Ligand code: ARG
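Here you get one chain, nothing else, as structure tokens; it is the form predicted on its own.
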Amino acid sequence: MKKLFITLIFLLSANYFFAQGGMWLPNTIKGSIEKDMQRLGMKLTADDIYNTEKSSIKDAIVQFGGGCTGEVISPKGLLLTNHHCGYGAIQRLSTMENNLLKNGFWAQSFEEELPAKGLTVTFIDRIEDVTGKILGNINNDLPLNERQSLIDKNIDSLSKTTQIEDYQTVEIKPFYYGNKYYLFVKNIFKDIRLVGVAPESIGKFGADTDNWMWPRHNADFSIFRIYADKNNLPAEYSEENVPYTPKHFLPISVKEINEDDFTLVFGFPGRTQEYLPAIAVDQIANKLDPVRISIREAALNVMGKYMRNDEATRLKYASKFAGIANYWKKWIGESQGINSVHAVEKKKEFEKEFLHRLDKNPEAKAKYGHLLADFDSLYAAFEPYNIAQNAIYESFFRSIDFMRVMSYLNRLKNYYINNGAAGYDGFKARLLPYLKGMYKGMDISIDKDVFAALVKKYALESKPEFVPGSIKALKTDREFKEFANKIYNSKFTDYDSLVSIIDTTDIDWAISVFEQEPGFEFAKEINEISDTKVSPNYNELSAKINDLQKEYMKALMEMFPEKSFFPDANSTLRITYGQVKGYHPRDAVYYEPVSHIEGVIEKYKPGDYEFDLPQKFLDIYKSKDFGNYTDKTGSVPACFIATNHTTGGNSGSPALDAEGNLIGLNFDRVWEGTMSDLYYDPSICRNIMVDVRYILFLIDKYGNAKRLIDEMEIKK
């Protein structure tokens, strides 16, 4: 009975083995994963999803700009992605006279579509398991650095000898912590043009307040088009290029979406760590996250005080504040989620089952019996350096612009020392445009107050051996403010003054000016602590932990042969499947899985930068001119949630129904489930998608771009 009880606990707790969890390589789903998807309602086959002999859904999926996902939705290369994914390209196309972000943009012809220079999209032509070619000659008894050197040589050799077309590239990546390797052949298109986008008041509706939250009501989408040469192949921008004819494009369904409907999300998720041991998850959720949260909170409190008191400051700091708040909010949800679902305890139960299986297999126990004990000792040693490494970055360089300037000056000096005047001038040419933008968004008074708050926090809460000598004796607010005044009494608080010093032929003189700056010396002091006391230990222990994690991953796959293990996300093409479902975020509260346009109007606040709306949108809503884009309630559905396992990089991923039709556009996760990067739990982890009917409604009724609607294949 005791053994049965342990087994039941394991089966109930190991949610990452269950259906609806996981990010699967599409070339590996044939068999048990395919059957499980069909059990949940999918009507497709594995060959419909991934096929190298004929067109399949994977031929409609692209990596957008290197960090997001997009999908082809017409036979003329029309491309859909998130508003926030296209934001940078749209911003670069905007001018003071024609602000596309503020006003929106809808090309009424191919000729009006705007080239987004520098933007690329990448299709995956094929995926191959090349584990044998990469690891075949590797002796695991060799030291780690020698093993990695041999692996790198094998990767380089195979990359160069793989047969590809002239327009293709090859990438080889490790999976399962280096136990397997896959090769990806890519087609990269470089002529991408903006076709349509709603104003950011609609596309970013809710902005920071609604970020990571449900219910959501923002239309997070933008539309581009892929152009190719006359042979339908990738080419640099040319007026002679024509719209790309895809191997496959996604039909669109405007049918009803109901709870428990099957959903498939296809994209390029960035990074997950689902197979960490319990001690690692505990360290992240209960030791590291609280430190990072408190540092960012201190910075946000200072910025928020200034932003509340002055509208111009609020606008100037809105983007910076949002960037800091994004992961501050995510880490809070992650830590709370880990503890609310008892993820650490469940992982410990799983580890008991792992040890139980080892006990029944003496040979396996001899190989793997040391793993969990080694994790305990390594993570105990790693903890102070892990916290210090993150605290140094968060305290001095993430939120304080002036300290980043000082750090860049130190790099400029090192370029000169190592590469002479040519190295200095080369880095200076890249640095000055970047610093110009940084200074434009910096208020020195605010930056100085953030500096004082974060330096105080770091000095008083860090281990003494990691605290710079110049601030060790400081204790009071007054002392830290005086120190901040000293640092900011500088020639480099003004961009023009900085340029007058940096942009010189007398480089030795410029370096001497750098070295007289208290801020430069303080940054050097911090970097010295990082370089001598923190990073070496951090890097050494990280390498040992990663090597042990590789062995642990191998052990898990051997000891649980009945399980299908998905590889952690690493920005490669994946599918994840689930169902439309609401959830209980806390006691006596239930969130419905679909939001509607009425919620947009409920949140509307005239003049508010997060919740204002264009008059045209309000007029359309008032007229109830919703076209054919309503659901059974008679309203336009705005967003919906499902149990798909997603993360960063899945932004812009298509949400498909059981037949492979586009029904939504993935853009976020719910706050209570952000711990899914470490531990996926289908009871509370939800991805958030824009309903495709809201997208079509805005294209048609708001953008008056019916030509785009006519281009799509819409199933009524």
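Each residue number is its position in the shown sequence, starting from 1. Everything numeric here is computed off the predicted structure, so don't read it as measured data. Between two forms, the rigid core is the largest collection of C-alphas that superpose within 1.5 Å.
Another form, the form predicted in complex with the named molecule, is not on view; read the next lines as being about it.
Trainee: Only one of 570, 211, 462, 579 gets a heavy atom within 4.5 Å of the named molecule in the predicted complex. Which one?
Mentor: Residue within 4.5 Å of the partner: 211.
Trainee: Counting non-hydrogen atoms within 4.5 angstroms of the named molecule in the predicted complex, say which of 248, 84, 133, 190 makes the cut.
Mentor: By the 4.5 Å heavy-atom cutoff, the listed residue in contact is 84.
Trainee: Which of these stretches, 319 to 327, 383 to 391, 170 to 178, 90 to 98, has heavy atoms within 4.5 Å of the named molecule in the predicted complex?
Mentor: Flagged stretch: 319 to 327.
Trainee: Taking any heavy atom pair closer than or equal to 4.5 Å as contact, tell me whether residue 679 reaches the named molecule in the predicted complex.
Mentor: Close contact is absent here: in the predicted complex, residue 679 is far from the named molecule, nothing within 4.5 Å, heavy atoms only.
Trainee: Is there a heavy atom of residue 50 no more than 4.5 Å from a heavy atom of the named molecule in the predicted complex?
Mentor: Residue 50: no contact with the named molecule in the predicted complex.
Trainee: Within 4.5 Å, heavy atoms only: does residue 668 come near the named molecule in the predicted complex?
Mentor: Taking the distances in the predicted complex, the answer for residue 668 is yes, it comes within 4.5 Å of the named molecule.
Trainee: Do residue 651 and the named molecule come within 4.5 Å of each other in the predicted complex, heavy atoms counted?
Mentor: Residue-level check for residue 651: yes, a contact with the named molecule.
Trainee: From first to last in sequence, which residues of 190 to 207 have any non-hydrogen atom within 4.5 angstroms of the named molecule in the predicted complex?
Mentor: Residue within 4.5 Å: 207 only.
Trainee: Spell out whether the Cα of residue 554 moves at least 2 Å between the shown form and the other one when the two forms are superposed on their rigid core.
Mentor: After core superposition, the C-alpha of residue 554 moves less than 2 Å between the shown form and the other one.
Trainee: For residue 581, decide whether the Cα shift between the shown form and the other one is 2 Å or greater, given a superposition on the rigid core.
Mentor: It does not, since the residue 581 C-alpha is displaced less than 2 Å between the shown form and the other one after the core fit.
Trainee: With both forms fitted on the core, check whether the Cα of residue 398 differs by 2 Å or more between the shown form and the other one.
Mentor: Yes, residue 398 moves 2 Å or more.
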